[in-house]
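Only one chain comes next, encoded as structure tokens, the form predicted on its own.
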Amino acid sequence: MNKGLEVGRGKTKVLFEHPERTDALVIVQQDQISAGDGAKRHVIPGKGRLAALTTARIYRLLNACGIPTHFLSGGEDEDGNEMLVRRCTMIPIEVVVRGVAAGSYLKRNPGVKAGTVLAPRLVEYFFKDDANHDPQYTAERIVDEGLATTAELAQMTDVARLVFDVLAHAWRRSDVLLVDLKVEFGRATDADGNSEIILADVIDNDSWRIWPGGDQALMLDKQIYRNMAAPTTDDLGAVKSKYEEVAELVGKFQKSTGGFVGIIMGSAADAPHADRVAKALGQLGVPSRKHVASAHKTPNYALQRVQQLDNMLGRVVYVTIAGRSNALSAFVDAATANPVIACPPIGSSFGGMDILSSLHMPSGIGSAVVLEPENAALAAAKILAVDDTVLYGRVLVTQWRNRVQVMEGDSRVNAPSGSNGKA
């Protein structure tokens, strides 16, 4: 990449201006590795390339999930160890999400057994200050010192948890346990000139602890280097081989399982309801196929359609839409081993009944009944997301944004009279 003047330098990376874009910077990853706040430092030829490769692949995954990040391009192919990112003002706080008790957490909590699963995920904050060994900060102190507002810190915390959950899902698919994760954030300017919080800096093999099979002895991360008192050339070569293995594994994170949703309508009159389901699925990136097949009038044809969809490539989840009865849902559920979600049109003789009533459930089966098309789409996506990290992340992000909208609505309703410009 073309680079302008150097504008910043860290322990393992250098930042440059972009010669044509004032809203972007170029990050160049270095071949250095350090520990103990820089007290121990070595050069591993090729590490910068592996760090950029890992970071780019992680950020491409997070971008695909809809998480707000600074990553634009680079890090792979001819880009070498260089990446193009959005320019932002970094917030000097490291946000650490812990799923398992390890590392410094054990030193600060001697009564906790190593390897204890932390549920819910624990979030900690550390002020970036090498001279004072990155002291731990409370949320209150961060706000009091003006490092971030309450709203900004809340978003940083939520996004850090989202990132951890997405990456934990991806690593589980490779039978690797994500133990903890360190991320950082910055303030960027959006298209409307407003300030926004985005995930920034690098996320590479120095940013986490990962244990294959949940076994700490098999660790693949930087802790291997931290544990070396005086690493030899061969030791550093062994560290590099682990980083190469991680970069290769991360390259498989975005692999999709090719799942889809089969939408079965009882009649053509159900098409508007089906269209809402398909639209909501499309917003999550989930393909769907719509068919009309009546359990009463065309049972053989309905059975044929289900069998055809079952035999297509990729996992299938069914959404049935019928306004007159639950027969179609029961029929499809009996014809397939795949999940079935009944989504009767609201106001129909089926959909207008008490949703909590057991009468809604086809007798003896485990399918679910959901009235709102958007919720039915989300329920189907959750099922497919078990084996698809991108879809899993999109579901998490959708749920997070829904929660934010509800809380913002509550704040507006409870705001003092006149504070939002309204009486």
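In case it trips you up, residue 1 is the first one in the sequence shown, and so on. Note that the structure is predicted; figures quoted are calculated from it, not measured.
The following text describes the form predicted together with a small molecule, which does not appear among the structures shown.
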{"query": "Listed residue (296, 141, 255, 226) with a non-hydrogen atom within 4.5 angstroms of the small molecule in the model of the complex", "finding": "226"}
{"query": "211, 208, 171, 318 - the one with a heavy atom within 4.5 Å of the small molecule in the model of the complex", "finding": "208"}
{"query": "Segment that reaches the small molecule in the model of the complex - one of 82-90, 279-287, 258-266, 181-189, heavy atoms within 4.5 Å", "finding": "181-189"}
{"query": "Partner proximity in the model of the complex: residue 336 to the small molecule, non-hydrogen atom cutoff 4.5 Å", "finding": "no"}
{"query": "Residue 103 within 4.5 Å of the small molecule in the model of the complex, heavy atoms", "finding": "yes"}
{"query": "4.5 angstroms heavy atom contact with the small molecule in the model of the complex for residue 177", "finding": "no"}
{"query": "Contact test in the model of the complex: residue 158 vs the small molecule, heavy atoms, 4.5 Å", "finding": "no"}
